[in-house]
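Okay, here we've got a single chain as structure tokens, the form predicted on its own, with questions on binding and movement later.
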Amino acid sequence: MNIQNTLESAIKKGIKSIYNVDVPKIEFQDTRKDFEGDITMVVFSLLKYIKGNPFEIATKLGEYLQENTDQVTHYNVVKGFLNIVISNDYYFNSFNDILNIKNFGFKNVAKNEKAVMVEYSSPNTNKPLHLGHIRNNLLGYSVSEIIAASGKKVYKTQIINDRGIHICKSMLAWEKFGNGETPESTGLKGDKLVGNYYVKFDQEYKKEIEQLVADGKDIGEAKKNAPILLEAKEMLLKWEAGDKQVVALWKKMNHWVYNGFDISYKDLGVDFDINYYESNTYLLGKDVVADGLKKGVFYKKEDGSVWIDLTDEGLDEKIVLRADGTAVYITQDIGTAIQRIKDYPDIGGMVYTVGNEQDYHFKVLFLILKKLGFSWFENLHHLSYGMVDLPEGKMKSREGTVVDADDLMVEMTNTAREISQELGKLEAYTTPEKEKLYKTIGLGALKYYILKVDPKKRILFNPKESIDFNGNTGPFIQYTYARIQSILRKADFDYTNTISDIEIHPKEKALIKQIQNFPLVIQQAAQNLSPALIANYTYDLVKDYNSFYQSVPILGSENKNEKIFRTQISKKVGDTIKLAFSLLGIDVPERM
């Protein structure tokens, strides 16, 4: 239990004892630097429960704490603020309690704890991953790790959009213009090769439209009747009918794409436990709609289409089956959600990592599942996030609009190389060591820059700004971790002994308090689905450590016990940085 929780419990008892009043919450803040104290209680927030002078209330509570708690040595009152001084013994005892806990802050999965399924990535198999997928993957993976650290079992999943007209466009273009080329014959990743044919289809489609317009056709008619589009639609019908040749081509090209995705995921440092495929799920939900129609959840219009009326919930009417009986996306999502619960009965909730342009879609989906009578709808969450923009001209892009994920990762490594060489920090490294470190720094910078921002906010991502060895950046935190490892390597003494007989420096107290907060931050980040809370906690911890590093001698202290204690604190800060960054999917280098 951290000091705030300990004091809150004691103060509530004191208020009950003195005033015979129960209060729900005690408000604390950091003690101002010009006053003595380790933590400050704000008395003004109690005035709605206790009548009296704030100074007198604070004084009585201060006296109570001093007399009834071992942790409080003395206090002072400034207006309506009770500044509390905590004993050295408390800091020693609480630090020694956590010093040797290997994964401090991480909770094991409790028995009977329901699992959470987190969906992210969910790409189309007609093009490579792009910048939007990077934020999606980083958020989904990090939230999965944070929820797992909070004490829940997690299933990481994606639904791969491997069917539809867009897939047939790539297939048809390769069939027409590919001359049998493969990833092996071209040296291209499979997703890149297939993506090129998606672009090729679009180019040929536009040419045909121009020709049809030149021949006197209306633009709308030309778009609908371009021969290559009609061929793609025919190919989709053949695929749905199980045509062997089309299905074989579909399997071959999808296999190329999956191999390409696997490389991108490995480079990005994300993974999945379960894959769902739209080719297997696109028919799901139709039976549910039929059942819901009988129960009056849905209704049928004259043309045969099936709808749900959500106007009483402040939403619109929503189609769930077209007049020809085919499903729409919401139908598939209904069926897939239900199927996942059938496949994994221990799931108690699901998190969908999808951009904020789909906010309305998920409101509708969750509401439909509620109306269908599924109690677990309450535990469905849309992790909605904003877009990522880049300064113009900073990155290579496809068609001037989409930034390729692989290109961005390579660019980050190159930028890390360039800046590191300018700073001249790595002269003693071998070339392979340098290249590994450039990638660690570059990807760490990318991940941290994206994850430190609240998911709901849009991001303007500047690669060079993200790779800065000062400020709220990944490399700054990585550098501090490496500095701590250097201290530990230089420590030529045993620093494992328990220390309890020195005066604790205020900078050491600040670090112990920060470390104590880590378990609470993990729980808050899991509850809010926000890696930003972990990222910014880590930055605050590192700022406090660097202030400590600048203020007191560590290995240079003449007092042996001080030297041991400060080395122990350094190690625990390093361990906490490493754990926190693991939740963000970021590696930390032992040397920098």
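Numbers follow the displayed sequence, beginning with 1. Given the structure is predicted, the values throughout are model-derived calculations rather than measurements. Whichever C-alpha set is largest while still superposing within 1.5 Å between the two forms counts as the rigid core.
There is also a form predicted together with the RNA; it is not shown, and the following applies to it.
Shown without its partner, this chain lists 433, 210, 468, 202 as candidates; in the predicted bound form, only 468 has a non-hydrogen atom within 4.5 angstroms of the RNA. This chain appears without its partner; in the predicted bound form, the one residue of 346, 359, 262, 231 with a heavy atom within 4.5 Å of the RNA is 359. Comparing 202-210, 318-326, 105-113, 334-342 against the RNA in the predicted bound form, the single stretch with non-hydrogen atoms within 4.5 angstroms of it is 318-326. Against the RNA in the predicted bound form, the set 188, 198 and 380 makes no contact: no member has a heavy atom within 4.5 Å. Contact annotation: residue 482 falls within 4.5 Å of the RNA in the predicted bound form, judged by heavy atom distances.
Taking the partner from elsewhere, residue 293 is found to have every heavy atom lying beyond 4.5 Å of the RNA in the predicted bound form. Using a 4.5 Å cutoff between non-hydrogen atoms, residue 588 does not count as a contact of the RNA in the predicted bound form. Of the heavy atoms in residue 307, some are within 4.5 Å of the RNA in the predicted bound form. Shown here without the RNA, the chain has 476, 479, 482, 483, 486, 487, 490 in 475-503 lying with a heavy atom within 4.5 Å of that partner in the predicted bound form. Relative to the superposed core, residue 79 shifts its CA atom by 2 Å or more between this form and the one not shown. Once the cores line up, the CA of residue 36 ends up 2 angstroms or more apart between this form and the one not shown.
Once both forms are overlaid on the rigid core, the distance between the two CA positions of residue 419 between this form and the one not shown is 2 angstroms or more.
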